[in-house]
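Subsequent text provides structure tokens for two forms of one protein chain, presented individually as structure 1 and structure 2.
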Structure 1
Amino acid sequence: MEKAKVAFFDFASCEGDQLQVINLEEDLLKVVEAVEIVSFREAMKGHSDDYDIAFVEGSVTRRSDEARLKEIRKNAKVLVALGACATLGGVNLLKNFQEAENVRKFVYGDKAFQYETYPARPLKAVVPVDIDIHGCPINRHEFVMVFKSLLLGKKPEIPNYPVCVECKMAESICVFEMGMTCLGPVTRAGCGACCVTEGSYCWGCRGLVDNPNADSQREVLAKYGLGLRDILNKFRLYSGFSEVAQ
């Protein structure tokens, strides 16, 4: 039986999600045995445009990126957005809330005119995306689950409930009780509430759950003396492309 051909690509990103795949170590060997990886710049030198599944990391930040992404989409039977920059637009979207020319000069100085850029956006703003693997970085165990589902022809079971559920399962103290502002009540779970259990708060890197309970979020904010603006600004860190952060 012919093995599925898999390729990894990246756009504007830190490439940390691909590193998470490499960090699978022994499990990665099992993945490699099940498929033929034809392109993976982080891990190999070879490249081929003949592939069935494309895992794409990063957000689109240049008009020229669109043509490349559309070509990847045309070649792939399945396109998977890998990580927050690809699924949501990620931290690259922060520049969208500032004057474009000021951002260009801040980053590139007097060479700004040499560099192409435009407002950042997630992959789905340019091409159809079949599956999202959320997170910053992704959970490598979730990656394996999605990978296996693809090979078996099944739909991956991506959590569609809030991070608060996982916080309760981990018996974590609600960070609102500790004077912090958290996006957990409306953010998609699947991370094991790792940020909260390690002493921080939910940053929203997995995006909003479908049909988030906005009324519940408002009630939580009101209970702790916080306003809507306190939470909207935090959404811009990862979900600046969504209507809620505009």
Structure 2
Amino acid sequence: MEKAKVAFFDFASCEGDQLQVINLEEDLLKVVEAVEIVSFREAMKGHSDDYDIAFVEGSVTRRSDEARLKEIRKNAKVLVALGACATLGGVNLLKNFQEAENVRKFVYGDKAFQYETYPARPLKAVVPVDIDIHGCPINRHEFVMVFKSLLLGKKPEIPNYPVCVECKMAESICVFEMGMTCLGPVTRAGCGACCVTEGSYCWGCRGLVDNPNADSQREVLAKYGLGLRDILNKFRLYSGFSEVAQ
């Protein structure tokens, strides 16, 4: 059987998700063996437009990005969004809630006029996406799971339950009991509740579950002392593109 051809691409991002792929350690060799990688700027030289699966990191932040993304979509049989910037728009979306001119000046100073930019958006706002691998950054094990599912021709099982499930499995103390607040009850699991396990709280980087109870989550956050503005900010950090945060 001919090996599937795989390419990696990035838009506005920190490349942290591709780094997670490179960090696969012993699994990386098996991944590389199972397919033919034709493009992976972060890890190798060379490039080809002949590929079956495209992993795309980053969000779309310029009108000129759209043509490039559409080209990738046209070439790929399967397009996988890699990481929160690609699946949700990610932290890049924060600028959408501020005055565009100010943002440009803040980032580029007196060169602002030289740089093109428009409101950030996830890949799926521009082209159809087949699979989302969520997270900021992605979970390596989930990447391997999706990768194997693609090779087997199976639909990958991306969790549609909230982070609280994995938090309980990891036997963490709920941060609401520690005087903190958390987006875990509405955020899609798959990360093993790593932030809570490491002593922080869930920021919502994997986006919302399919049918989040945002009203109840708001009530809970308010009950634990969060004002409306803080609640919105919490939702907007990662899920600014969804209705809930608008």
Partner chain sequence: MALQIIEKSDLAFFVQNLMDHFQLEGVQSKGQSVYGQAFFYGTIRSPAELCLDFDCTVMPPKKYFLPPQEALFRFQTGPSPACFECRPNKPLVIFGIHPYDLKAISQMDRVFAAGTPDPHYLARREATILIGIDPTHVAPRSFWASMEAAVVSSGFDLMMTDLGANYIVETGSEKGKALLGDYAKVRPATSDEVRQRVSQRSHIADMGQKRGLTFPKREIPILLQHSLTSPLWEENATKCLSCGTCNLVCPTCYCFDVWDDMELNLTQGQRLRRWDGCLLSDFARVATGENFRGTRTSRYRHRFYRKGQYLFFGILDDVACVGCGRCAAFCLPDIADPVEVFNRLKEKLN
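By convention here, residues take numbers in order along the sequence of structure 1, the first being 1. No experiment lies behind these values; they were computed from the predicted model shown. For clarity, a rigid core is taken as the largest C-alpha set superposing within 1.5 Å between two forms.
> Decide which single structure shows the form predicted together with its partner chain, answering 1 or 2.
Pick structure 2 here.
> Rigid core fitted, is the C-alpha displacement of residue 222 between structures 1 and 2 2 Å or more?
Yes, residue 222 moves 2 Å or more.
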